[in-house]
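Only one chain is included here, represented as structure tokens and corresponding to the form predicted on its own.
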Amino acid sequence: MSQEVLDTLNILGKMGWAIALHGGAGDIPINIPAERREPREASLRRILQIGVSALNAKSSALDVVELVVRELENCPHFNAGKGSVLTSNGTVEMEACIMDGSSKQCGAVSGVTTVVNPISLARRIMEKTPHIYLAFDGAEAFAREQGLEIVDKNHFITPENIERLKQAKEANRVQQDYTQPIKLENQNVPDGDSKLGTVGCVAVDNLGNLAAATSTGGLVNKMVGRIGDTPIIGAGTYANKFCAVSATGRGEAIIRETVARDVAAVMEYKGLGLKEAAAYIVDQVAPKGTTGLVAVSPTGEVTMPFNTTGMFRACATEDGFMEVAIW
């Protein structure tokens, strides 16, 4: 963003930090049990406050989104990091992406199985290599070279996700975040606390700098080697001078529609505001019920649209507005 634009925004009194984060979108039933809903809401509220404190302390948007997504990865209630869902082989293959709006520098990673915080690996790829995207064995080797925290693969394999994979295999399907219990022979199969979701964060700091970060374990029962929208620049994650976007939902649909980049594109080329642009793009995604996103603009505007039943989400702005919501 040019200094001229920044000066104009300051004169208009429109500058101010803003932050939004999500814990996944999908078919979240209104009657989700309190013991599953409340820990997730509490985690979003706690982690949102961490981001707010960092922005108040003048941290950069890039540092804030990494910090917030690390916290979300460390929370077992969401489908990223510790809570990552399992592939058809019962393994974890995690993905993450981070992007700085002012420079368009970005880093992405796929197929990691031992890295505690894939989002920090994505940032190291952005800052310490000539590349944007590393995957599988090469990404694992680079994480070790960089001294990032590594654990045994079994660290990520929880009883809840073993049960969730069993459920998906019995139904012979790949599951998006927050799928409801599958009915087999007129019986509800226990879902193993399967209300999990991809995580992401977007932020704008006091200087008007934008950043986006997203992390995921992917889809339950996905094929080994499958790559979703999260690490693909312009699909699940994007930031430039117009907005920062983190998407969640069915990766294949989000990739086909280049969701995150298209929000920025209609702002730039159609002159739409952030909320109009995001709503327009989410409405265009087919099939319905596959997509949600969080986005911020350089003027501190926030939007969190979705075409699913619900999306675990939270946001805050410098003027004191704060929200944590699902439906």
Partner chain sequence: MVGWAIAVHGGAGVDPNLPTDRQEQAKQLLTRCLNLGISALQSSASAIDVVELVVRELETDPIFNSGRGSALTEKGTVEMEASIMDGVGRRCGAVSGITTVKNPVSLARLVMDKSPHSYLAFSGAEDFAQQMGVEREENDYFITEDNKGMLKLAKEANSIVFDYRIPTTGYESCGSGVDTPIHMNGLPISVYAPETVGCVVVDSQGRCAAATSTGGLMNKKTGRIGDSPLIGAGTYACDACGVSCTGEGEAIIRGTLAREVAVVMEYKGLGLQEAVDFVIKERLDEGQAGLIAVSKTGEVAYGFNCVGMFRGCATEDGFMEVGIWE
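Here the structure is a predicted model, which is why all the values come from computation and not from measurement. Positions refer to the first chain, counted from 1.
What follows is about the form predicted in complex with the partner chain, which we do not show.
Contact here is defined as any heavy atom lying within 4.5 Å of the partner chain in the model of the complex, and by that definition not a single one of 170, 307 and 327 is a contact residue. Only one of 22 to 30, 260 to 268, 41 to 49, 296 to 304 places residue heavy atoms within 4.5 angstroms of the partner chain in the model of the complex, namely 260 to 268.
In the model of the complex, no heavy atom of residue 148 sits within 4.5 Å of the partner chain. Heavy atoms of residue 77 never reach within 4.5 Å of the partner chain in the model of the complex, leaving it off the interface. Under a 4.5 angstroms non-hydrogen atom cutoff, the partner chain in the model of the complex lacks residue 90 among its neighbouring residues. When the partner chain is considered in the model of the complex, residue 162 lies well away from it, no heavy atom lying within 4.5 Å. Residue 134 is the only one of 121, 243, 134, 112 with a heavy atom lying within 4.5 Å of the partner chain in the model of the complex.
Scanning 239 to 257 for heavy atoms within 4.5 Å of the partner chain in the model of the complex gives 252, 255, 256, 257 in sequence order. A shift of at least 3 angstroms pushes the Cα atoms of residue 227 and residue 285 further from each other in the model of the complex than in the displayed structure. Annotation: residue 285/residue 78 CA-CA distance longer in the model of the complex than in the displayed model, change of at least 3 Å.
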